[in-house]
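Starting off, we have a lone chain in the form predicted on its own, written out as C-alpha cells.
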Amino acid sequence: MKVLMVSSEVFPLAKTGGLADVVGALSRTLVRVGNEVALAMPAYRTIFKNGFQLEETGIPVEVSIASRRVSGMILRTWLGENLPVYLIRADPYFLRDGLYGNSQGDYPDNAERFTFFSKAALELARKTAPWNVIHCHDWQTALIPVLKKIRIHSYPEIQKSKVLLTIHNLAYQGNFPASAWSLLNLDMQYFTPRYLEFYRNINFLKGGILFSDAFTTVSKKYAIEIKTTEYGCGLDGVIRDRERDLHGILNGLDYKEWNPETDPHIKKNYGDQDLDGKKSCKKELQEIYNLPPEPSVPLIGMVSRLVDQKGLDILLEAMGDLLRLDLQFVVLGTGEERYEKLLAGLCHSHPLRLGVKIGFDNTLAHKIEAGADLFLMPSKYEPCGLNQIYSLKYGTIPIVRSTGGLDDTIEDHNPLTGTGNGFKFNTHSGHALLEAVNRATTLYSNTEAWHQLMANAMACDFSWEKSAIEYFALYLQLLKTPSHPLP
C-alpha cells in the first residue's frame, strides 16, 4: 500500500495539538506493519530553527492562486529510515513564528496559505505518483479532494488514487469570506449551498466531506455524534447525506512517548508490577505546586486548554464544592483569559487545595500524569481525547464526561464487580461532575479496591497497531470501490 499522508502539522517537526501526534504516530505504525508511506506538510520556520536534517529534492511546484502563479520548492527530511517527509517550502506563507496565527489571532491570509498548500500537495502527489491513497487531515487539506475531482485534467497521474479525509475536530472548518473564492480558481457554480458555500462563506471542510472518497473521524462515538444537530457544527446535514462513507477509527497511543516505566520526565519510573515510583511522583508534584505533601489525600490533575469545549464552565460551577472536599487539585493549561483569571484567583484563596500553572509545559504534563491519582476531563465534546489514554497507562484514574472518544475508551467503575477503568458522568453540569468526583474519592479510601481499579486501567492497550489495521482495511475497501462521483 502506497500512502501519501498530507497534514498541516506532524510531530516532532511542528505541533500545536493532537493532530501532529496522531499523524506522526499513525504514519510510523503503518510503515512498521509493512506499508510505504510518505508525509507532506508545510516547511515552517520552526523546522529550520530546530535543526532537522533537510535535503533538496529538486522538485519545484508552481500553482495558480487567483490570477497569479506562485512557486515553491520541495525539501525532504526523514522520520526514521523508511518514512520520508516532503516539506513544501514557500517562505512568504510558512516562514512565520506560528503555524496558523499569533497572539493577535489567526493569520488573515490563512485561506490563501492553505489553498496554496493543498494545490502544492497535489502537484507533489502528481510528480511522485503512483499513490494508492492520499490521506488528508482536517480543513487545511480539505481542498485536495475538491480540486482533484473537479480539475481532473490537471492531475491525470493521480486519478486512480483514492482520497480519504480525517476530521480531527469538526469545530474547525476553514470558513472564509466569499471574497477569497478567486484564490481557488474554481468556477462560481461550486460556490453554492450544494458545494462549498456555507452561509455566504467558503467552507473548506464542507468541500472535503463532499468530494472525498470516504471520510473518518477519530472515535466511533464522535462519528455518531457529528450526525446530530448538537455536535454537527452546522454540517450535520451534509454528514448525514454521506454517512455511508463515514467511519470512526479511534486514535491510538505512542507508548514510547507515554510510558511510566521509561518516561524520562518523571521523578521515578514505575509499572503495574511495582507502583512505588508513583508515590515519589506524587510527592514531587505536590512540591511543584506548593501543596502539602499528604500521600493519603487524593490528588486530581488536569492538563487542558482552558475553554468551554473542555468543560471549564461546569468545572468552575462545581469548584466551590470541590474545594470543600478532602482532596488536592492541580491544573496546567492556557486559554480564555476569564478562565485563567478565575482559576488563578481560586488558587490564591485556596493554596492548600488548588495549584494552577498557566501555560503549556510538556515535562510538567508528564509529571501530572504520573503524580496525580485522578485525571479530570469534563469535556462538552471530545472527538477522541488522548490524556485519558495516557492516564490509564500511568495508573491515574480518569474522570470523564461520556462523550466522543472519552466514552469509547473509559468504562465506568462498577463497585459490585470491580470492573471498569475510570468514572463517567453523562450530563454536562457541575452537579454531575461533582457526583463523579465524589464516587472516585470515596473509592480512593478503599486501598484494595483502588489498586484493582489501577490494575484495570494499566492493563488497557490502546496502541496504534489496532487503529493502523483499521485504516489499512479502509484503504483496501476504497481501492475495491468505484470513486465517489461528483456530488
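Every value quoted in this text rests on a predicted model; they were computed, and no experiment measured them. All residue numbers refer to positions in the sequence shown, first residue = 1.
Omitted here: the form predicted in complex with ligand ADP. The next part is about that form.
Peer 1: So which of 200-208, 296-304, 147-155, 231-239 is the stretch with heavy atoms within 4.5 Å of ligand ADP in the model of the complex?
Peer 2: So the stretch in question is 296-304.
Peer 1: Is ligand ADP close enough to 18, 365 and 387 in the model of the complex that each of the three has a heavy atom within 4.5 Å of it?
Peer 2: Per the other structure, all of 18, 365 and 387 touch ligand ADP.
Peer 1: Contact between residue 359 and ligand ADP in the model of the complex at 4.5 Å, heavy atoms?
Peer 2: Yes, residue 359 lies within 4.5 Å of ligand ADP in the model of the complex.
Peer 1: Consider residue 131 of the chain shown here, and say whether it contacts ligand ADP in the model of the complex, taking contact as heavy atoms within 4.5 Å.
Peer 2: No - in the model of the complex, heavy atoms of residue 131 and ligand ADP never come within 4.5 Å of each other.
Peer 1: So, in the model of the complex, is residue 258 in contact with ligand ADP at a 4.5 angstroms heavy atom limit?
Peer 2: Yes, contact at 4.5 Å.
Peer 1: Residue-level contact is defined here as any heavy atom of the residue lying within 4.5 Å of ligand ADP in the model of the complex; does residue 333 satisfy this criterion?
Peer 2: Answer yes; at least one heavy atom of residue 333 falls within 4.5 Å of ligand ADP in the model of the complex.
Peer 1: Please pick, from 126, 310, 353, 162, the one residue with any non-hydrogen atom lying within 4.5 angstroms of ligand ADP in the model of the complex.
Peer 2: Of the listed residues, the single hit is 310.
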